[in-house]
Structure formats: C-alpha cells, structure tokens
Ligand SMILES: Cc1cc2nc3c(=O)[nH]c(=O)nc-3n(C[C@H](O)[C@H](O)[C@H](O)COP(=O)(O)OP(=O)(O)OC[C@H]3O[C@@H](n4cnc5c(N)ncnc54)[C@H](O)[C@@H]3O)c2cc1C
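Presented as structure tokens, the chain that follows is alone, the form predicted on its own.
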C-alpha cells in the first residue's frame, strides 16, 4: 500500500474520522487566495488527499504521530479567512483542521486562554461579559479563529493602540504539538512565542494560546469627509498620536469627485 493508504487505515483504526469527499477537500484546500490574480492560477489546482477535524489535543498528537510515521505531508488550517494561500496543501497529503478545538479554557486578569478553533467574535463577546475586549482583530472577526489569526495574521482593528501581533505582550504563551519522529507537546512563553507567531503552522500545530486583552471600552464610530486625502491622513495621524482620545482604528477611503 502507499503511505497515504497506510495513513488512512491507521487513522480509521485509531477511531479518527477522516474526510475524503472531493468536493469538501476542494473547499478545505484553499483560503481566499482567489482575491489575487497572481496566486490563483498557481494554487487553484492544489488539493489535499484527506482531511481530519480533531477535537482535542490528544487527537492532534495521535494524528501527528501517524503522519510522521507514514511520511505524509500535513497542512494546518483554521477557518481559512486569510487570502495569501497559507493553508493550501502544495503537495497533497492531509489537511488538519483545528476549528474543532473550540474551548475557552480561562478568561481572567486580562488574559484569555483558548483552544485555536475559538472564533474571535465568540471570544470578544465572552471577554466583554467580564469587562474586557480583544486588543486587536481582523475584519473577518466573526468567522476567523484565534489560532488562524495568530498563525497567519499580523495585526488588525486595535493595532493603532496595541501594535502588531508580534509586539511583545500581545501573545502570552502557546501550546503546540511538534511534527517529528516522537512528536512533543511544548509550551512556549515570553519571547519564545515568536517562533510560532505568524508562522502558518509550519513548525508546530497550535493547541492552546494565551492572548492579552484590553479593558472593554464603549467605542463611538465617527465618519468625517474631506476634500483631499492629505487632510484626511493628517487627521488620522493626529488622532493616532493623541493623548486625549483613545483610538481603535482609522479607515480612509479615497474616491474621485463625480
């Protein structure tokens, strides 16, 4: 049998459900890379051969062990809301979808400890119930997962105050499963988290993350129109530097006069 057939048999024998339906695999093998006319022709044909949806760290470890044993490539994904092709399997193999790990493990003292499949919008609502909010999140907050955001994101709404995900203190700790002959479960803290921050799951499968929160604020949205872009940019910069106004995000849209 081929390595892939051996892996399939081994996973089924371990009680791990697999997905091999071509239509579902096609959907799971991509993100929003189709926004790019450069990426689309290269990535569109790429497909995984199998997909799994673990719901616990123990299952992730069992899957990692078997993939290494049978030398089948692994591509880790969350909700697939990115648009750079980070979760596209370039050489087939197995898709490991972490969206089924969705427990909020701890939420206190300005830190949230969650499994990677927790949606950012779900965590935001839970945090606000305790007087906190996410420091930053992408425009896809309703569907993006915490694990996907940390693995594939860089910043977002809130970065004007809290910087990028890589800035010290935003990501407190990470728990992950390695892919090696004897997979390990590691916990990284402090500056060591940068080894997996924005690394697309290429050097470890995230199973838990601790992220810093901010005190919840009743934000007020305001729209201001300008005659030219320079004036709009000047106001945005002034607000970002202001000590008297706490900014959340600033958007600028440049449109020609009718």
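Residue numbers count along the first chain shown, from 1. Fair warning: this is a prediction, and the values are worked out from it, not measured in the lab.
Below, we refer to the form predicted in complex with this ligand, which is not included among the displayed structures.
A.B. asks: When you measure heavy atoms, are 79, 139 and 155 every one within 4.5 angstroms of this ligand in the predicted complex?
C.D. replies: Spot residues vs this ligand: full contact, yes.
A.B. asks: Determine whether any heavy atom of residue 174 comes within 4.5 Å of a heavy atom of this ligand in the predicted complex, and answer yes or no.
C.D. replies: No.
A.B. asks: With the cut-off set at 4.5 Å between non-hydrogen atoms, does residue 86 touch this ligand in the predicted complex?
C.D. replies: Residue 86: contacts this ligand in the predicted complex.
A.B. asks: Given that this ligand is not shown alongside this chain, does residue 206 nevertheless sit within 4.5 Å of it in the predicted complex, heavy atom to heavy atom?
C.D. replies: Residue 206: yes, in contact with this ligand in the predicted complex.
A.B. asks: How about residue 151 - does it come within 4.5 Å of this ligand in the predicted complex, if we only consider non-hydrogen atoms?
C.D. replies: Yes, residue 151 is a contact residue.
A.B. asks: Just to confirm the contact call: exactly one of 61 to 69, 221 to 229, 38 to 46, 197 to 205 touches this ligand in the predicted complex at a 4.5 Å heavy atom cutoff, so which is it?
C.D. replies: It is 197 to 205 that comes within 4.5 Å of the partner.
A.B. asks: Within 4.5 Å of this ligand in the predicted complex, heavy atoms considered, which of 144, 188, 113, 179?
C.D. replies: Here the answer is residue option 144.
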